[in-house]
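Form predicted alone, single chain, as structure tokens, below.
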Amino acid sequence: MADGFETESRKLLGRLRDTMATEAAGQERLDHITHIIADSMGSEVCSIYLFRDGDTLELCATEGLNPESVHQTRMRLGEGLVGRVAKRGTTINTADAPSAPGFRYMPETGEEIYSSFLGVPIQRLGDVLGVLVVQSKTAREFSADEIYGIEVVAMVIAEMTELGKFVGEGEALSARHQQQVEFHCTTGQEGAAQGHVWLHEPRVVVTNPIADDPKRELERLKEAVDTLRVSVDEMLDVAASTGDNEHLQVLEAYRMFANSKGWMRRIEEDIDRGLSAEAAVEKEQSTARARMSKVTDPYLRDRLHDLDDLSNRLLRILTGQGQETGAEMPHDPILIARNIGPAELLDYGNRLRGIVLEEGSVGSHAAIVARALAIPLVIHAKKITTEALNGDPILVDGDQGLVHLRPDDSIVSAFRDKIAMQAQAQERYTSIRDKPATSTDGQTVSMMMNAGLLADLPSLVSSGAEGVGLFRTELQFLVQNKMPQRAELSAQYTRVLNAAGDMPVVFRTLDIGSDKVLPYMKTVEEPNPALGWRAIRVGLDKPGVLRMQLQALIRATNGGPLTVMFPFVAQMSEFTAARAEVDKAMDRERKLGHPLPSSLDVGAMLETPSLAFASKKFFKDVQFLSIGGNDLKQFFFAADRENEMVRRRYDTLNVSFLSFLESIVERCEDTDTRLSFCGEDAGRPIEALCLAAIGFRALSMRPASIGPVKSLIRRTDLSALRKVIWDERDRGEQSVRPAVMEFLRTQG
């Protein structure tokens, strides 16, 4: 890198800073910036395009193109060279723009006489805000030094845009973080919530992107990196002393990046160009985030995520903006985060009204905890952490998978009406809380609730549930950084049984694997974890944990009844082996003189189609079966429930799936095996009604769903509905849903 160009780069940034310091309006500043960039680069044209909405770029300022085209020229994301730079988040550098793939001629700009084109994304933390373009008549490609210099300038423009330095008339120059934004997400936990934003990780604001003294900035960087390295080493020592191997691996990656010469060299070069230390770190962080969005390999994504987190730590050291910003949590907080672990989420207790995540999955730890706490949760809210500010009003619609950030009055009014209607419905459900779910033709369905935390148990009374059809025991394992002891598990299970009183509780043994990974167990890299080493497969291969849990459950009963079921049983031999572990645990407890359960029921979750075709002996041996509808449906249709492109494609009320479920009902009736249905569909009134119609006499769901499901069952003739389902099947229809909805309409 030539000293002369470094000087020019710093000189250019100095002129930009002077422009920012003036009292000029946003448009005037932009116009002046394009002038000084073109002048500094020796180019005839410099233009700045900014997004006016999520899909449209607008020419906001130019030096060299027709001034009449400013705010008139627009293009869609991906359209033309400018649109391609914005869509890909990468630079385009060509000596012959009209011949470049994707070129779009815009006659109103007068750009046809310019051959060379350099387009650089204006991006902040991976969020593309616009495109900076330099053009010239001379056919040439811009040098690596020139590109680097323009990238540094684009970084400064991004920071100035974020700080509101270019506010003016029109959508493209409107102030950031003030307009209403709607996010289309994936539902993690149903429900509706209104509140104000609380950021799990407060944003770091870089207020001084341009620095006068590179030498001083390099010193600041060195001091901050030394502090960072010491803190990472200290965390490594703690992780090593506690045997926290997975955390140890992450911290080793942190140390690798903190000592990376390439990472440091790039930041130092940015500082040489004229950026402050924090702006240089954020520029590299933006580059890493842009790469992260394009990488599909999970290992590389994890490493880029490590680098992103490390950059955040370094930024907080440089700016002094720690996690504690002094902001007060609102009384109605909606938590916003890129992702969050179960222990961190539980730290918030019952204060949260809702949760919105950029990442996550419907089966993630956070989703499990959110369901246990009955908090509406949506995931895949793309870029919400860079858009939302602490205290922003926000609405979360977990039923529709929608988030309204800074909504207008009409949306707020409609949303409040929805919440009020739900509240009124809940009042109606309260009136039937203690009544059975008996249909008009006299068929009764047992209404059970799902749980995973002691905090769930008060819902047994308030919801009208008849017991706990599924108690997820993995949460006690997931929220700790070490394996829980048998005594503490036993004490926890005793509290659950005491809270349930005379009502039954079905304990599901540890269901880990797939997207539920214990932080203290070695991670197994699998190409398809959902079909891999999980649940009972882990329990049988690592029987020590299963035995410890079974002993804890036996002791927890204090001589009372015990019901246990094993997750993800795919064949009879797995159930037989797991049942043998129960017998061994009972023998051990008997020899130790501990009281044994007064009754013992051992069952299995039917989550794979294979188990439905097990021998008759299996159905006689197992005391009860609970259909795990979420997994069973995804395996039946070969449709990943995490994949938005396919998961909504297959209807639970599909004739083939209902026929399959009905065959399981018939097999259980033939062998007098108790059967229940557990999963999201059990809590959806229409689906639950059809399950009851085809013969299910026990449904287990989240507490809030019991009222609506019970209400509908009590108003329906299940025998008549079953005939509707059979008639549709005989007619060769794909789904019975239209006919079921018509039947319900005719019934009022």
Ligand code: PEP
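Please read all numbers here as calculations on a predicted model, not as lab measurements. Sequential numbering from 1, following the sequence displayed.
Just so you know, the form predicted in complex with this ligand exists too; it's not on screen, but the next bit is about it.
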Q.
Within 4.5 angstroms, counting heavy atoms, which one of the listed stretches 347 to 355, 546 to 554, 402 to 410, 628 to 636 is next to this ligand in the predicted bound form?
A. 628 to 636
Q.
Considering non-hydrogen atoms and a 4.5 Å limit, which listed residue (396, 678, 86, 604) is close to this ligand in the predicted bound form?
A. 678
Q: Taking 4.5 Å between heavy atoms as the contact cutoff, choose which of 217, 392, 127, 474 touches this ligand in the predicted bound form.
A: 474
Q | Exercise: residue 470 in contact with this ligand in the predicted bound form, heavy atom 4.5 Å | A | yes
Q: Classify residue 508 as contacting or not contacting this ligand in the predicted bound form by the rule of any non-hydrogen atom within 4.5 angstroms, answering yes or no.
A: yes
Q. Does the 4.5 Å heavy atom contact test between residue 380 and this ligand in the predicted bound form come out positive?
A. no
(Q) Against this ligand in the predicted bound form, would residue 641 count as a contact residue? Criterion: heavy atoms within 4.5 Å. (A) yes
